[in-house]
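Have a look below at one chain only, the form predicted on its own, in structure tokens format.
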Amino acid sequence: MILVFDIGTTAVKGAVFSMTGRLLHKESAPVQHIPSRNSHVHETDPEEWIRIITELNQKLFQSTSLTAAVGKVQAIVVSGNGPTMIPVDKHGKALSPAMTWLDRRGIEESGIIKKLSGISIDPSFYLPKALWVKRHASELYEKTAFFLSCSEYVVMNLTGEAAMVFPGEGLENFIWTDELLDITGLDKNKFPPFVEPGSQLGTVTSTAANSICLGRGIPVYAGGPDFIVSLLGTAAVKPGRACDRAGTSEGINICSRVKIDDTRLMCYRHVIREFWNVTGIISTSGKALEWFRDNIYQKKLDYEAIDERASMIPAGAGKLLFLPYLTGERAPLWDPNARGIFIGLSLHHTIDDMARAVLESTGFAIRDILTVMEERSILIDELRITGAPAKSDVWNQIKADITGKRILVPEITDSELVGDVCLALYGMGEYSSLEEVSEQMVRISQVFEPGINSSIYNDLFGVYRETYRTLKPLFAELAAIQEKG
């Protein structure tokens, strides 16, 4: 049996799989975030992840069929959202709240890194955050033994070993390099060694076995960032296949034969090393819908009800557009100052029109990324969608209509968990390659084809792009005013 956990932005998921890759049982629990009135600060308590994993582990094995199997776990893999960062002591104890991937307080530090090195690194990534800690929380910086991501934090608590999963060539600057650490004056000893996905990191210690209710000595294999394991969990392992990792944010990852150099996108070695992963990340997709539900619908409806009401609104939402840049935007804009806005709002629009516009905004944001990819001659045949939004037929069809691409939905939409299993089976030597195990584990259950609404969306897409370009200087001016207090 294989035990896997994925630390999401809003929930932690855990599952037990058989050695043949069959899902035996799954559990999840929400993650609470620390409230802040500073729009750049997004934190959560790392100890909550450990508490939730302990609870999930107990629930997973309370099932009658699995109670006797708790001692038969042969491997553990943990993946997580990135780039969330936690300063820890030498024992792996968190010294402060985790700075989640949404945290952008390192905007100034990002500018410093670019000035010193000529390399642009978004404030959401690790180095700007670590440099922020050094510059603004010097006592915390001195106490820090390691800066870890969320999955590696959990792994250190399981095994006592500090490591950082390195997804592949091309991501060095977005994680860290010795050169960048030297340039910024950051202590290299505080940054753990890199390991490959699927490599064994250690075994569960006696302390962890007692506190998290696991068996001592179980091998723990490297999982890594969610956007990497999702490639395996959707079988986006052949050129032309893209993984649309939908959730709080949205990551579009296309398996490509060719490497590209374009600052609007990220490009690095695919987990299948002969290929490249060309990727663009949308900062707030599911999070935008959550914001809309909580603040406009005021939590009166669940997501299924919102889907149903939005499905009754014609495509284009009455020529209403929404920019989903609620925490700035990453690809292809890389603008931390960008903000959300409704365009075209009039007296005839309803709250349901607005909900439809929010759903459609994700499709436009995806198309914005795909357009840049195709400008660089990247082949894109299909989007394999994963995450909670994959359960929304309305949203899936909107994405197909706006992007003009087929949307494929796997049987198990928790692709991080499936990808974790792939890494475990590969690490244990059960398969000769990651491509082989991924193709074996993933089965497609639904396909959404582009429909008759494509022409409407073609017209609106140009307005969507031009709206940001027009408002960009105003977003910058507003950010400057906010900085003044």
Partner chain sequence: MSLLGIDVGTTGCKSVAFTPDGTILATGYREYDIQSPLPGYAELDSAAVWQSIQETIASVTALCKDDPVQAVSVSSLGESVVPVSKERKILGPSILLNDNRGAEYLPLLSSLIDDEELYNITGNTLGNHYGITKLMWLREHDPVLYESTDYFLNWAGFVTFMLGGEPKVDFSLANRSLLFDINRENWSDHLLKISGIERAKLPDAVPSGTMIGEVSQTAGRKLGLSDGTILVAGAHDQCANALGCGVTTAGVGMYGMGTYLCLVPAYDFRKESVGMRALGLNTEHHSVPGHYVSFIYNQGGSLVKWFRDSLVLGGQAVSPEELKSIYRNLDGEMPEGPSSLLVLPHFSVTGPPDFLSDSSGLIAGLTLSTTRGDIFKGILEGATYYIMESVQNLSRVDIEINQLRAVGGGSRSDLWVQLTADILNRPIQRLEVTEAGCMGAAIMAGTACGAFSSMEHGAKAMVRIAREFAPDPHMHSRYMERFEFYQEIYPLFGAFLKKI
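Residue numbers count along the first chain shown, from 1. So that the term is clear: the rigid core is the largest set of C-alpha atoms that superpose within 1.5 Å between two forms. Fair warning: this is a prediction, and the values are worked out from it, not measured in the lab.
Omitted from view is the form predicted in complex with the partner chain, to which the following refers.
- Shown alone, this chain has one stretch from 394-402, 154-162, 207-215, 279-287 that lies within 4.5 Å of the partner chain in the predicted bound form by heavy atoms: 279-287.
- By the criterion of a heavy atom within 4.5 Å, Trp101 is excluded from the residues contacting the partner chain in the predicted bound form.
- Taking the partner from the other structure, the partner chain in the predicted bound form has a heavy atom within 4.5 Å of a heavy atom of His349.
- Interface membership of Met19, defined by any non-hydrogen atom within 4.5 Å of the partner chain in the predicted bound form, is ruled out.
- Among residues of the shown chain, Ser256 is not one whose heavy atoms approach the partner chain to within 4.5 Å in the predicted bound form.
- Only one of Ile341, Ile260, Leu95, Ala388 lies close to the partner chain in the predicted bound form, with a heavy atom inside 4.5 Å, and it is Ile341.
- Screening Phe194, Tyr303, Tyr268, Trp291 for any heavy atom within 4.5 Å of the partner chain in the predicted bound form leaves a single hit, Trp291.
- Using a 4.5 Å cut-off on any heavy atom, the one residue of 304-319 that reaches the partner chain in the predicted bound form is Lys319.
- After superposition on the rigid core, displacement of the C-alpha of Asn157 between the shown form and the other one stays below 2 Å.
- Once both forms are fitted on their rigid core, the CA atom of Lys90 lies less than 2 Å apart between the shown form and the other one.
- Lys143 shows a C-alpha shift below 2 Å between the shown form and the other one [criterion: core-superposed Cα displacement of 2 Å].
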